Structure formats: C-alpha cells, structure tokens
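Here's a solo chain for you in structure tokens, the form predicted alone.
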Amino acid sequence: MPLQALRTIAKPQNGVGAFILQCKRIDLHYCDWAGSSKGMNDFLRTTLPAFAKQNPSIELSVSPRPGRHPVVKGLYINGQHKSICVRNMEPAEILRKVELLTAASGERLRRERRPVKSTNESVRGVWDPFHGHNYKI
C-alpha cells in the first residue's frame, strides 16, 4: 500500500494572499439642467478625475439622465448592485457616498445573530464558569 499525503484544499479567503476589490464598476447618472444635480456636476468636474486616478481598478461610467435626480450605482463581482440618490448633495458628500460604495462588499445587509464569524475552531475550547477552580457542586 503506497503512502499518500494528506490532501488539503485551501478555501479562498479575501485578504489572505491577495485582496480583490469587490466593487467592479460605479455608474454616475446626472442631469445638466436640474438644480438637484448641481453638486453632482461640480463633483464630475473637480473631484472625479482625482478619484479615478486613485482607483484604477474600478470602471467609472458617467451618463446623463435628463429630467431625473442624480444617482450613484455600484456594481459588484457577486452580481449585486447598490444605488444611492445624491440629489442636492455637495461634492464632498457625494465623494463620501462613492467611497462607501467602493468599500462595500455587495452583500445584502442582514441581521447578525452571532457577533463573530470564524472559519476556525477555538483553540482554547468552550469556556465554562467552573474551569480553573476547585468548585464542589
């Protein structure tokens, strides 16, 4: 019987080895005419070129939507998308919203029942109030 090595299958974990940014594209929709797009138009002229230089891995698409409020959409590698309406916002506020979409994972928000997620079991075992002392029951 030949000796066989144990096979280990590595689970891909984002951040271990290489980090893959979850946001793949950001769509910026604006209106040239409407007053609610004034901050978005300023953002596109002043702040967007610097943001695009800092984030070359994110595809940015800018498209006009006449007669509608400005919207920022983030599309993610898992197929999800998130939209944020940025009407009547200043360029600094819009930049914060775009950075929020960039940093998001694309997962739906859901209530966490357990505060800690771990793929590894605890090294120390399960804690019990009777450990370490000589209690008599």
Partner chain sequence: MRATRPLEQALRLTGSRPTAGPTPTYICLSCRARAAPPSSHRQLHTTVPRAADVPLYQRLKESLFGTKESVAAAKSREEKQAQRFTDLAERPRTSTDADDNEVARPLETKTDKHGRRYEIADIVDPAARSDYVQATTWQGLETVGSVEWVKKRADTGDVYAGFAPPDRSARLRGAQWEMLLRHVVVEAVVLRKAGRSAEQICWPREGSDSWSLTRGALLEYSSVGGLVATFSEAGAEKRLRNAIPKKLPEVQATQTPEDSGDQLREAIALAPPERPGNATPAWMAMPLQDPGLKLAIIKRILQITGRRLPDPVISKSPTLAHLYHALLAKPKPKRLAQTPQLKRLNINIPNATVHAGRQTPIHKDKEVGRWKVIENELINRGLPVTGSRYQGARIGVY
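Just so we're clear, the structure is a prediction, and the values are computed from it rather than from any experiment. Numbering follows the first chain given and starts at 1.
Beyond the structure shown, there is the form predicted in complex with its partner chain, which is absent from this document and is the topic of what follows.
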ask   = Do Pro56 and its partner chain share at least one heavy atom pair within 4.5 Å in the model of the complex?
value = yes
message = With a cut-off of 4.5 Å between heavy atoms, is Asn41 one of the residues that contacts its partner chain in the model of the complex?
response = yes
query = Does its partner chain get within 4.5 angstroms of any non-hydrogen atom of Leu60 in the model of the complex?
reply = yes
message = So, Glu93 and its partner chain: in the model of the complex, are they within 4.5 Å at any heavy atom pair?
response = no
Residues within stretch 36 to 50 having a non-hydrogen atom within 4.5 Å of its partner chain in the model of the complex = Asn41, Leu44, Arg45, Leu48, Pro49
